[in-house]
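Take a look at this single chain in structure tokens; it is the form predicted on its own.
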């Protein structure tokens, strides 16, 4: 999808949604620090910008985002083109842009991307430090993903993160004898077995899915005390904890929906849940609101609850937010204009209406926006509010680096678990192969 945004071309739907968001600002509870000086970013003569970002999961995301970019054009005269691409395509297009030194000025990619292409990027510390001072500081995952490891230099500007907690049908869980899904691994397995016996099975993605596949594989690892690396960044896949996670998955997978989930992408569980083929899964808030806003599926939404996946051996919810992380590329002829646009989009008049319009799908990276109206709009989405304070990240326990990002992009852990689920490898063989792949990536 592509759209040229000029001072004359504001999408009607986006403008209408943004207008509603602006009205909501009159009652905002967000506290903003006064007297914080913005960075000096004189916009280059003749500047035009092209931005690439992942396609929306809830329609107002795109509508308000485009309208906000149009407001920047109105105020600065800088023409902005925004292209929205599929989640599975964003990593590939980011790689092409970085490797060719041509293409978009800005890419809003996923969390690891700035750490993969750090040598190709413009530093964003001036913008990030300004926003942090003004809006109550950056939340844990934003600080972790925005800064280059071991430094205070910002190479990405996180826009928000989404989490995938458990999404479950209360009627089904209650029917098999549970009030809520257990927080321990044996209890959770017992629940899934009983759901399967009742003809209301669970299902979690084991395909090469950017959000759901990586999220489920990471949860399996972290809830068993396993990780792809140790604290120093050494590969740590081959461990008793990983083997325990693989053996657990082997038992858990037997309880999943008919046909299995090895080919599931990021939307597959949404479809299965909406069709009442799957009664427990993990997902962002988009599934709940899609059900809630369709009269045909509203009863499913009314029966839906959210809760954390079991912690297992982890001290807190073992989940890494899938994070939108903006980058400005060195090949851009207009780096000041690009940075000015990013700062503009994060300012309250633009960001809070966008956050509210996303209905909880993207959670804020800056502390001040924890008080945005969306978080009191529906008690069922409150679980998403502090997504960006989760203490896990892709590549945990080690530093975020080009290698950790690449291991995630190559689905090393996802494919390890999928090979066991499919019966293509024993847990021991799958672990050894994943360890070999990870060592090759980190050595490279």
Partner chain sequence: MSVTAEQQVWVRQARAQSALSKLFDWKPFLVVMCMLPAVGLLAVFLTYPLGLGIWLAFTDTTIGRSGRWVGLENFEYMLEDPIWWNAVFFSVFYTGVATIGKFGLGLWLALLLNNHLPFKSMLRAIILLPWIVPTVLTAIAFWWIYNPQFSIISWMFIELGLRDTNIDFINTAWPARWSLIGANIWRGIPFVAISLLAGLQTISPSLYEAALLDGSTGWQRFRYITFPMLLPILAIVMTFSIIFTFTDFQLVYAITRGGPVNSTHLLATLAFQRGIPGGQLGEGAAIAVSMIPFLVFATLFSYFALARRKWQQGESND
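Bear in mind that the values here come from a model prediction, so they are computed numbers and not experimental data. Positions refer to the first chain, counted from 1.
As for the form predicted together with the partner chain, it is not shown, yet the points below apply to it.
If you check in the predicted bound form, is residue 436 within 4.5 Å of the partner chain, heavy atoms only?
Residue-level check for residue 436: yes, a contact with the partner chain.
With a 4.5 Å heavy atom cut-off, would you call residue 378 a contact of the partner chain in the predicted bound form?
Residue 378: no, not in contact with the partner chain in the predicted bound form.
Answer for residue 261 alone: is it within 4.5 Å of the partner chain in the predicted bound form, judged on heavy atom distances?
Although the partner chain is absent here, residue 261 would touch it in the predicted bound form, with heavy atoms inside 4.5 Å.
Taking the shortest heavy atom distance, is residue 409 within 4.5 Å of the partner chain in the predicted bound form?
Residue-level check for residue 409: yes, a contact with the partner chain.
Heavy atoms, 4.5 Å, the partner chain in the predicted bound form: which of 236-244, 267-275, 294-302, 351-359 makes the cut? Say which one.
Of the options given, it is 267-275.
Find the only residue in 192, 116, 343, 226 having a heavy atom within 4.5 Å of the partner chain in the predicted bound form.
When the partner chain is considered in the predicted bound form, the option within 4.5 Å is 116.
Only one of 138, 72, 253, 289 comes within 4.5 Å of the partner chain in the predicted bound form by heavy atoms, so just point that one out.
Partner contact (heavy atom, 4.5 Å) among the options: 253.
For the spot marked by 180, 214 and 385, is every residue within 4.5 Å of the partner chain in the predicted bound form through some heavy atom?
No, none of 180, 214 and 385 comes within 4.5 Å of the partner chain in the predicted bound form.
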